[in-house]
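Below you'll find only one chain, the form predicted on its own, shown as structure tokens.
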């Protein structure tokens, strides 16, 4: 959906790390509406014609670019940058990949795999996957953040206090995100377009897809939260929960080990039930299954659950 904006910043204005010394690509006043041209995580290295054999050639120095930075007049350390996500203008394709050495189950899945998705965002059509699987599109920016106070170039791939590569699937249309400002102007950048993702992004990639995102930028003077916080406009699972869930668990004293156990069990369940290869089931879990900490008070063991929506195969 195209929304009228005061400014547009094209993805040619991109950078590959957080650095508070970067010159703003655009400076706006509080209350401005800005459209960001958001690249996918590969920075355009993958296309609708890409295959698994292209993954070893991925140039990681050009991965996860962000568009920006945009300076907001009057923003100073201690303020909150209030970002209202007004709407997305989608393309018609995306990719999900298993990249060797990356992802929650990297030890189990050492080989490259890729799935190219095609969808029709103007009609709300679901993205097709494998033997009958369908995933609803719900776009959001995987990376959205402001410049940190620490000097020099900071790694773009990691989340941090000021946002960054948060990969949080509920930062979608209508959500209001508050980021703590650490430098003058805030210096907001956005990248890593996602068309859909499950909580956890377990294989390391979502439906990676470029898009245009229009946001409204405001300031709350002196209102910096200790870490990013956001408000959603309504329910966050209604698009997938109408048929219920299949749920697997991991139980133990280590949350990471329990998360791996829960996802691995779900991969086995989905691949066995639907005749899908384990790598493809793993990628599908990454784009639509949700990891949750379901219990963390009964020491010494905690419970992590993996919720897979049955509507995907309904």
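Since this is a predicted model, take the numbers as computed values, not measurements. Residue numbers count along the first chain shown, from 1.
Just so it is clear, the following notes concern the form predicted in complex with another copy of the chain, a form of the same protein that is not shown.
Although the partner is absent from this view, residue 303 contacts another copy of the chain in the model of the complex, with a non-hydrogen atom inside 4.5 angstroms.
Proximity of residue 217 to another copy of the chain in the model of the complex falls outside the 4.5 Å heavy atom cutoff. Among residues of the shown chain, residue 39 is not one whose heavy atoms approach another copy of the chain to within 4.5 Å in the model of the complex. The closest non-hydrogen atom of residue 265 lies within 4.5 Å of another copy of the chain in the model of the complex.
Segments offered: 116-124, 77-85, 157-165, 92-100. Contacting another copy of the chain in the model of the complex at heavy atom distances within 4.5 Å is 157-165. Contact check for 22, 25 and 66: none of the three has a heavy atom within 4.5 Å of another copy of the chain in the model of the complex.
A heavy atom within 4.5 Å of another copy of the chain in the model of the complex is found for one listed residue only; from 139, 210, 185, 228, this is 228.
For the residues 104, 71, 135, 147, the 4.5 Å heavy atom test against another copy of the chain in the model of the complex is passed only by 104. In sequence order, 241, 242, 243, 244, 245, 246, 247, 248, 249, 250, 251, 255, 256 are the residues of 240-257 having a heavy atom within 4.5 Å of another copy of the chain in the model of the complex; the partner itself is omitted from this view.
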